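Given next, in structure tokens, is a single chain: the form predicted on its own.
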Amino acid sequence: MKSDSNKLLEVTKLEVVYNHVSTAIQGVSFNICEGQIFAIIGGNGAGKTTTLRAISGFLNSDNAVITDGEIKIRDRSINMLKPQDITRQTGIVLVPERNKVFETLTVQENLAVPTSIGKRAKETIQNIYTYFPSLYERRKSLAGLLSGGERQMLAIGQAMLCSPELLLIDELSLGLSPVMVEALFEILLKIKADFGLSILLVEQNAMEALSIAEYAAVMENGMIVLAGTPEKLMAHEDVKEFYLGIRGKEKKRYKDVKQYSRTRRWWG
């Protein structure tokens, strides 16, 4: 991992509780450095999306609260900030699942929604169209008529108009073809290089996430159970079996591996 002197985001012993009784995140800690892609992999219910919502300030809408731990951006605590203040004051921007776009608005109307695009909005929106030419071609179409991949492009475009320093991306590959996923990841790498962004990517598609990440963590039951470089994780026998679908010469789908067997393996 990069030097702490380049540390951008610090999450320390984070705990999140839903409905006052259900602990979704338990003692999660990790750092993200400037210009780094950090991936969190894990299955449904592992706590990945809750972690993103805690960082971006969107927990209240789910009747969830941070009950312990701290989230800092450049050594400044953001635990108590509202979502809009986190975006405006810190440059942390959440890219939610693609279905969060405004379906009854056109593409160009969706791109006019972000309020922090500033005086150079037209130039910035043109940059978005440069990265995503298909959005330009369909700029007058309703977002609800876009393909899944185009919706994901639109969600990323909206986030880019908020001048992010750290993009939080929730399940980029969900429901998309392998070809589209590969294309989107390539665009993410280009955007990162062009703008010097940091990216926190949460994914069930472990292979794709680890292919672009510089550091990664595995979440199970609201806890980080393994962390390291992508090379380290991809060489780990449990990651191979549970997340990459490889067991010796036999390939298995993730959903075919029962939750209890994964949990028992992590904790011995």
Partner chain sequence: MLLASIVVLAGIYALLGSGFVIIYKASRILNFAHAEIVMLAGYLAVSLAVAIPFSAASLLAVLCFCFVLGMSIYAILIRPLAGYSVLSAIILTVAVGVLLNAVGVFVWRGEMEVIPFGWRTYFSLPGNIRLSSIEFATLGIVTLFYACMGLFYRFTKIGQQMRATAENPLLAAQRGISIYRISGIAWGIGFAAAGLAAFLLGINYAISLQIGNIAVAAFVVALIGGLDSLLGTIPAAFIIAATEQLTITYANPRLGDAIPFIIMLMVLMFKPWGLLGTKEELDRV
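Just so you know, these numbers come straight off a predicted model, no measurement behind them. Positions refer to the first chain, counted from 1.
Separately, the form predicted together with the partner chain exists; it is not shown, and the next lines address it.
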Open item on the list: Under a 4.5 Å heavy atom criterion, is residue 94 part of the interface with the partner chain in the predicted complex?
Closed with: yes
TODO: Report whether the minimum heavy atom distance between residue 76 and the partner chain in the predicted complex is within 4.5 Å.
DONE: no
Task: Non-hydrogen atom contact residue 190 with the partner chain in the predicted complex at 4.5 angstroms - done: no
Open item on the list: Can you tell me if residue 148 lies within 4.5 angstroms of the partner chain in the predicted complex, counting non-hydrogen atoms only?
Closed with: no
- [ ] Work out which of 81, 162, 174, 183 lies within 4.5 Å of the partner chain in the predicted complex, going by heavy atoms.
- [x] 162
- [ ] Just give me the single entry in 102, 136, 131, 195 that has a non-hydrogen atom within 4.5 angstroms of the partner chain in the predicted complex.
- [x] 102
Task: Region of this chain that lies against the partner chain in the predicted complex, out of 230-238, 36-44, 210-218, 56-64 [heavy atom, 4.5 Å] - done: 56-64
Open item on the list: Counting heavy atoms only and using a 4.5 Å cut-off, do 109, 113 and 158 all touch the partner chain in the predicted complex?
Closed with: yes
